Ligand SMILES: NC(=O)c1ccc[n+]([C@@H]2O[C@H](COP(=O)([O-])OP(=O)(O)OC[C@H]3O[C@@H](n4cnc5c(N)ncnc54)[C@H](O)[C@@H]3O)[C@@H](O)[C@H]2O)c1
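Take a look at this single chain in structure tokens; it is the form predicted on its own.
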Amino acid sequence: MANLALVGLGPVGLTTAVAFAAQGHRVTAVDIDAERSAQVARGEVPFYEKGLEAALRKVLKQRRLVVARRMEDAVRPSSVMFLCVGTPPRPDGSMDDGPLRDAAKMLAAAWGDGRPRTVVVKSTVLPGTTESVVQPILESAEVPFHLAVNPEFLREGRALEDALRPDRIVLGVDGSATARILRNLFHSAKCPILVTTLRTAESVKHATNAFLAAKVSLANELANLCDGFGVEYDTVLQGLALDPRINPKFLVPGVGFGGSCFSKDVHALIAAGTKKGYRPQLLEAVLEVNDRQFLRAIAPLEEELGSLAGRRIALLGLAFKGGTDDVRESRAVPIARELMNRGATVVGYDPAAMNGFAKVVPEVHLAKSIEEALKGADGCILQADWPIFSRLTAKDFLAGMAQPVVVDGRRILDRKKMNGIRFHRIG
């Protein structure tokens, strides 16, 4: 078992730390945010992630995971150190490597001895970032190091499950010695492990998110066309899935993708590619489709109700998807704002994202339950795929709504149970 350091206690860092500790490693975690560190040390998770808090408390009790106050306390006992800090977008869409740069400097300053260590970049970074940002900082500190990139493929809402039982591992390394160290660290993983160069590993992460984002936008484009042709998209998708070359996953249409990854990473690729002299027009189109797709949820309301001025609209699902409290790039934000621009009153409900959404769109009225959100509503839009929403039936909508006009923005409702209401969904 190894002594590990995890720098950054956001969703990726904390989940990774807990997973390694649960697998028997000794983990010391540290974060620049003292309040967040104290919260985690108490066994409290600062965000919503199913199963993570119970697992955190277990490894804290076992002393497999320790939260340090200082970088030195995390670095010095460790042989492998993971950088799990954010890489937020700049206003122009390019990647801000400032947090990664700062973390690498703090790590190098805390080295404290001549013992060689392995530094692993787990942050999502553009190709070449580890070599151009982290490596020079470590070299200037004159510390002996191995360098690696281990991109994360964690799904929000299922992050701990993915960290404990990954379906693939990508290891970018600076040499064979580093590859041996990391292969030993992941020796119990029962999945394919791809060992490659630093820059290639960084590319795999961005290529994955760009491809998945493109599939979502393609599904939405096809569904929109099906609407125009009067064709049932479900049957079209069944036909697509018969082709062995086409995987139907991520081809379910809706109001568009959100979250911290797809939009940010595609924007970063576009900005970086343009800077290199290549304009990624397909990726630009992916974002353009996504940016306007939310309007497909509003159009049916206007078709049924006419002007939305003075109407009360229930918005179920404020996080970007079910299973998380993350409202970053949530399609609920532009939906709510557009509804209010058209004169509607918006009443929102989400099992986990109420507080976060209120900070972004404070004008939305927040309900304490689905029933309260639906009460007296002239229309309803389902925006996130929480299981509690998928169990709704026509009876639930008829019980409280003034006019039962329902738009299923995530295709989670059973159409057979929608008799008696005016029901719409994309495609």
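Start at 1 and count along the sequence shown; that's the residue number. Remember, it's a predicted structure, so these values are computed and weren't measured experimentally.
What comes next is about the form predicted together with this ligand, which does not appear here.
Here the chain stands alone, but in the predicted bound form its contact with this ligand, taken as any heavy atom within 4.5 Å, falls in 97-105 among 278-286, 97-105, 168-176, 138-146. For a residue to qualify, one of its non-hydrogen atoms must sit within 4.5 Å of this ligand in the predicted bound form; all three of Val7, Asp33 and Arg328 qualify. Under a 4.5 angstroms non-hydrogen atom cutoff, this ligand in the predicted bound form has Val12 among its neighbouring residues. For the chain shown alone, Lys264 is a contact residue for this ligand in the predicted bound form, at least one non-hydrogen atom being within 4.5 angstroms. Looking at Gln293, you'd find every heavy atom of it more than 4.5 angstroms from this ligand in the predicted bound form.
With a 4.5 Å cutoff on heavy atoms, Gly356 does not count as touching this ligand in the predicted bound form; it lies far away.
For the options Val195, Ile298, Met71, Ala352, the residue carrying a heavy atom within 4.5 angstroms of this ligand in the predicted bound form is Met71. For the options Thr118, Thr129, Asn224, Thr87, the residue carrying a heavy atom within 4.5 angstroms of this ligand in the predicted bound form is Thr87. Residues Glu152, Leu154, Glu156 are the members of 152-171 with a non-hydrogen atom no more than 4.5 angstroms from this ligand in the predicted bound form.
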